[in-house]
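Have a look below at one chain only, the form predicted alone, in structure tokens format.
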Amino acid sequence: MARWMTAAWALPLLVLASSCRGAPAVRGSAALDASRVMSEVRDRTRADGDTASLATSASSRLAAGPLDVGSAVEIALAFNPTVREGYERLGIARADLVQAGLLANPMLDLGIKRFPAGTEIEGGLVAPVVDLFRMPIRRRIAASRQRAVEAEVARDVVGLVYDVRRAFLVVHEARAIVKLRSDALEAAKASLSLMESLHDAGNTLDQNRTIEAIGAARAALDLEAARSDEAEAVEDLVRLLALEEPPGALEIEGALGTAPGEGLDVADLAARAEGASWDLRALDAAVCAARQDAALVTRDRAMWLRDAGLVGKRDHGESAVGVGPHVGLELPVFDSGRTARARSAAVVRQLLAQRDARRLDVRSAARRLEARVRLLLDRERVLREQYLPERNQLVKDILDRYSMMQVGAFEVLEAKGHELDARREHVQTLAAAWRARLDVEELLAGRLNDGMVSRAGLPMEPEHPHTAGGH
């Protein structure tokens, strides 16, 4: 009995001493967490630019000259709110981990009662004993949740990097389409001008002039639509760069390129994507936290002792103070803990089901993207090596026949129009192949972009075969 009372005396003092120690610095640790996450993201995405060259704002970098895709990524990583929000999530997770290692504060109760015969004083110092047993599991739960948050933040930053690269690509595609639509409008205007000359001379029907006028109007509408697409593409890039005021004319370097398949390895893509997935890593950590939480529920319900401490009392009219131990017990009369245990077990099973579903999503996306990349690369190669050369040859053949006065100018213009259509189809296919490549790289960097994967891989318009004829 004497030993038990001695322990009861010492316990609240020990808890009080532990609780009075301040929490360790959180901000510095969170900065280290962010640095570690960003380092892994950069390794996976090959984003190795120098943020120091950005000076104080994105606008200062844009004023320095045309923007390349590497600088665009660095601007986004430096100024996009998504990154700052991710840093704060890491800070919250770090603070939760530190908080999980702190004991609950002890409680000091003091009561004073005045009686005619004197004053009665009663007091107690009580500490939550159950916290001593909860703390190790709480720390493991918080550590698992921190790992989940790190994986989620990394996934979001990877997504930002590839969103910028896709936006850069879309601007290049839109500007190439604008150029082709502009050439098509010039050809349509030339055809209309020729037809109007024939019409004024009385050598063609009103219907033929109307058809050419409709074609020219259609070409003008297509050009305006292409310019609208370009403006939308530029705005998407500007938003990702977190610019308050977009520049009057965004100058960017580079072009679509000519070899989207060079250096791309799609072998064993599904297994590699599964191993790299940030979503699966986050769900693994969430499952671990849920299992620890289930263990905490089981252990918590097995403990009846909740708090312990010392109480003292001096009755009125007495000079001596009575001191003794205090314990608080929970009696499982109404809640046996069975429902809480069933709920925690269900949470574990739910997370495991979510992980299985996400794993299937990742592997399915890998197979779909692998097939899409191969198809688009083959299609782009056929367009570049066979279809476009044949179209160009057809225009040359018709020009030769025109020089020998075997065909009229309309046949030349029509063939040139179809050649422009073929060039536009090639540009769209080339851009689609580059997008598919970026989607594969993003998947291998750990992020499954459901929106990109579900998009159709062939965005081109059908083009009808040309048959040289006359008006």
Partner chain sequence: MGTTRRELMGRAALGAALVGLGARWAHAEGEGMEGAGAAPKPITAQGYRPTTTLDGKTLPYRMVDGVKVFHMVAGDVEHEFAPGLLGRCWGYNGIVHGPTIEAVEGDHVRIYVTNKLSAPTTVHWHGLFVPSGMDGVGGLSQRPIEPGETFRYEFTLRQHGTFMYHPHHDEMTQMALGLMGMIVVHPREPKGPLPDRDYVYMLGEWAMDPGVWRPDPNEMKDFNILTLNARAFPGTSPMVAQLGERVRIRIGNLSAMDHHPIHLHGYAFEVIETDGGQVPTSARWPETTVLVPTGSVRVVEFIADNPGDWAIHCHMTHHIMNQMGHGVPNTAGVDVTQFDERLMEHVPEMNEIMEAMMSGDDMDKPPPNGIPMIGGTGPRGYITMGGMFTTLRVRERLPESGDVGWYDAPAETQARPASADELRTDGVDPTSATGELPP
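Computed from a prediction, not measured in an experiment: that's the story for all the values here. Positions refer to the first chain, counted from 1.
Heads up, the form predicted in complex with its partner chain isn't pictured, but that's what we're talking about next.
Looking at 442-450, 429-437, 408-416, 36-44, the stretch with residues near its partner chain in the predicted bound form, meaning non-hydrogen atoms within 4.5 angstroms, turns out to be 408-416. Shown alone here, S197 lies within 4.5 Å of its partner chain in the predicted bound form, counting heavy atoms only. Not displayed here, its partner chain is kept clear of L331 by more than 4.5 Å at the level of heavy atoms in the predicted bound form. Although the partner is absent from this view, R134 stays clear of its partner chain in the predicted bound form, with no non-hydrogen atom inside 4.5 angstroms. Among residues of the shown chain, D400 is one whose heavy atoms approach its partner chain to within 4.5 Å in the predicted bound form.
Each of A187, A201 and N392 is positioned with at least one heavy atom within 4.5 Å of its partner chain in the predicted bound form.
This chain is drawn without its partner chain; in the predicted bound form, the residue among R299, K113, R381, K396 with a heavy atom within 4.5 Å of it is K396. Out of the listed residues S193, N105, S336, S364, S193 is the one that sits within 4.5 Å of its partner chain in the predicted bound form by at least one heavy atom.
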